[in-house]
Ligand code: IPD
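Shown next as structure tokens: one chain only, the form predicted alone.
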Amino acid sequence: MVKAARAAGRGLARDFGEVENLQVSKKGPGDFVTNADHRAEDVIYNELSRARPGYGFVMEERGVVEGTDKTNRFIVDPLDGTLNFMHGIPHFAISIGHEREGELHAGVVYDVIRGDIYWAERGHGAWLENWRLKVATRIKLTDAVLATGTPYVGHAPERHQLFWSELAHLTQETSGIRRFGAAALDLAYVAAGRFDGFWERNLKPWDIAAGIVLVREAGGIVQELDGGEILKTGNILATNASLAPKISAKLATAKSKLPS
């Protein structure tokens, strides 16, 4: 997985240097897909298919690719932070998760521009290269810096209303809220103790699969905001055990304040 991420990253770094010349097609409101995105996915698919023939895939561009091995599949985002990439903002990543028998087993998040590889395997910890990662140990919301993602054009008004309610409740209680635009890196930063927590709604499996493994293996808590299945709903909270109930309570209160 690390080898595949590095191979795809070389192409992304090259394309990022020529971002003005990329051909861009519009896949939906606020959701751009580039030639670079497709090329990176092709490299990852080919590398992983050679290394693990028969494994299935869930990929942002290709969708579901069934494998002969029904117990293993890779969950891949070849370019998390596409909007940053398109605007020349050097904050984007490759995210590769490995699911075994329905359980997330391993994850790799590659920060292409900084050259940082975050990786984790179930039972073996979370790492930045060769440095062991641990989530932050802050216990007070007033000391915490949280990260999130924002709804954008094309999303239903209800999503915007819920987000603003959540933000209003948490900005009053925390040291700060950050929005960097790449969920995979937000989760990697939680695992590394840089952020004290991260929440967002309606993400895709490829946005969060690798990051979930990173946070859990770094000693953190990952839960679905409303009690559902995270990879199905994409509603996620990742933090440490002390802050999880406090953030959850604030988010629940924010949701309860919306008109029914």
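Just count from 1 along the sequence shown to find any residue number. Since we're looking at a predicted model, the values are computed, not measured.
Below, we turn to the form predicted together with the named molecule, even though it does not appear here.
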Problem set entry | Contact label in the model of the complex: Trp164 to the named molecule, heavy atom within 4.5 Å | no
Exercise. Is there any non-hydrogen atom of Val43 lying within 4.5 Å of the named molecule in the model of the complex?
Worked result: no
For this session: Could you confirm whether Lys140 comes within 4.5 Å of the named molecule in the model of the complex, counting heavy atoms only?
Result: no
Exercise. If you check in the model of the complex, is Asp207 within 4.5 Å of the named molecule, heavy atoms only?
Worked result: yes
Exercise. Which of these residues, Val222, Val58, Leu203, Leu225, gets a heavy atom within 4.5 Å of the named molecule in the model of the complex?
Worked result: Leu203
Exercise. From the list Lys134, His160, Arg100, Arg179, which entry has a heavy atom within 4.5 Å of the named molecule in the model of the complex?
Worked result: Arg179
For this session: Tell me the stretch among 104-112, 144-152, 166-174, 121-129 that has any heavy atom within 4.5 angstroms of the named molecule in the model of the complex.
Result: 144-152
